[in-house]
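Have a look below at one chain only, the form predicted on its own, in structure tokens format.
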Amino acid sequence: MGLPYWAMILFAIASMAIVGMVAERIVLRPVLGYPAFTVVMITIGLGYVLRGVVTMVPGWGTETYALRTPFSEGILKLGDVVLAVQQLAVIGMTALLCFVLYLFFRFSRIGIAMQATSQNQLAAYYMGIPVRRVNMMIWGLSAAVAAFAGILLAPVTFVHSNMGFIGLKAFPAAVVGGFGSVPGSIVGGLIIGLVEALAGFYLPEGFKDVAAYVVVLVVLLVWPSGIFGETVRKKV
């Protein structure tokens, strides 16, 4: 569309937030209250359907595109160390996003309502929280964050219809760090990234793809709720 880089970010985030809310209203709301596994399987299936639809569009879903950014050509030299400004920008904007999300979930009424809804929808409903509306906002926020992540990832991996598969690595990172913890997700992502990089360098070919899930198994054996996850106890 010829938009400047920063305007493109805002446009993509807003557009995907709307897409997320529409998907929640049409696809996910009928299974409201069902186990989380049901929602996970529906979203995975929805991803495959959308990916298939996109690849059927000639000259769009079958092509690979490059996304140029204001940081693409920048290089920072610190003595003998050479750093790509693009990578530093990704790290900086990711840290900023995580900080904003932490403040949002910690101090805003909507963020607290989202946490309550995710933990117990029925109890949140009894406390006066509009569960359906909050769920729609949750999926809108999730889609907006996914769009921002895609924008940060695109200059590194290019834009193609299968780039979303890297999102599957977010699941091991969330398990390792602990669900519901923003700092935990950061630490989990760093651990998974380091393990994959070291496995790809020191171990035979193929170990890199399974290293993340081996770490998940080990962490679940030691910390079933993740490193920073909260242990929830129920009395029967």
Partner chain sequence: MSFFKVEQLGIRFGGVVAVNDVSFEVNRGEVFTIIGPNGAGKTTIFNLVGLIYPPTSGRIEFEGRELTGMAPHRVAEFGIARTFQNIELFEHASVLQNLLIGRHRHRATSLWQELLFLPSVRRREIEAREAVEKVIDFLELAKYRDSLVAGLPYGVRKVVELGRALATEPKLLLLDEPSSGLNPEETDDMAFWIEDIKKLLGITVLMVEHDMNLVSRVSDRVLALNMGEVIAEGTAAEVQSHPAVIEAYLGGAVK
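Positions refer to the first chain, counted from 1. All figures in this text were calculated on a predicted structure; none of them were measured in a lab.
Separately, the form predicted in complex with its partner chain exists; it is not shown, and the next lines address it.
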Listed residue that, although its partner chain is not shown, lies within 4.5 Å of it in the model of the complex (heavy atoms), from 88, 166, 82, 112:
112
Check each of 98, 124, 144, 154 and return the one that places a heavy atom within 4.5 angstroms of its partner chain in the model of the complex.
124
Could you tell me which stretch in 74-82, 88-96, 129-137, 144-152 has residues with non-hydrogen atoms within 4.5 Å of its partner chain in the model of the complex?
129-137
Using the partner position in the model of the complex, report whether residue 102 sits within 4.5 Å of its partner chain, counting heavy atoms only.
no
If you check in the model of the complex, is residue 159 within 4.5 Å of its partner chain, heavy atoms only?
no
